[in-house]
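For reference, the chain that follows is the form predicted alone, supplied as structure tokens.
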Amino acid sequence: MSFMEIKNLKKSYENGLIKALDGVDLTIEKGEFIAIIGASGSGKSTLLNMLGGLDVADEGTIRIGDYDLRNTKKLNEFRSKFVGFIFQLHNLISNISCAENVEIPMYELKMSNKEMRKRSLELLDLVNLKNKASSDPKVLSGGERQRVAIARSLANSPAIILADEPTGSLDSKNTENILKLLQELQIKENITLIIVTHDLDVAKHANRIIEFLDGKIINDNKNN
């Protein structure tokens, strides 16, 4: 059995007028780096939300590890144990430190304050920002804030990282640095990395590119 199995996944909005996902079938193996591309409204972000347990399908199944996401009542447990999220605008909280931002997902893990701070500093060191641990995110550059967001996504030692346009607000140099860092982490930790992007140059870094149109997969290509 594959790590992720998605069968006949359907999701509609506005009483069925908008078909965000229209019968998606997909299997994903542990440790794959996948880019999901497509025009705005094609269904790619909807699928990402489904995989992260942030939304529930109307029909079909999503099995990730031992979890059946459509039928489980343990979505909070699934997210806290298995998933790290990275967003385009990083979603860091101002007026608390970078270290405290990284610690936020750890509150679900019943760690002591000392353990949380130790883990937070280790992760900031991993993204070369340990020297910014006590800084407020608003004083950092865009690339630095996204690196803090990556550190936060690793706080729960996730099996899956879901990234929605993680380089969309960055310049080309920072984009390349962030992608290189994500690739290194994906390989080192054997993380399944799934990035939604509109940028083909970003997608080319992935091992596999999946293209969506009108809620359906129209291409599924593996890169050499």
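Each residue number is its position in the shown sequence, starting from 1. Bear in mind the structure is a predicted one, so any value in this text is a computation, not a measurement.
Omitted from view is the form predicted in complex with a small molecule, to which the following refers.
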### Message
Quick check for you: of 43-51, 183-191, 25-33, 155-163, which stretch puts a non-hydrogen atom within 4.5 Å of the small molecule in the model of the complex?
### Response
43-51
### Query
Which residue among Ala20, Ile210, Ala206, Leu9 has a heavy atom within 4.5 angstroms of the small molecule in the model of the complex?
Ala20
### Query
Looking at the partner-bound form in the model of the complex, is Val56 within 4.5 Å of the small molecule by any heavy atom?
no
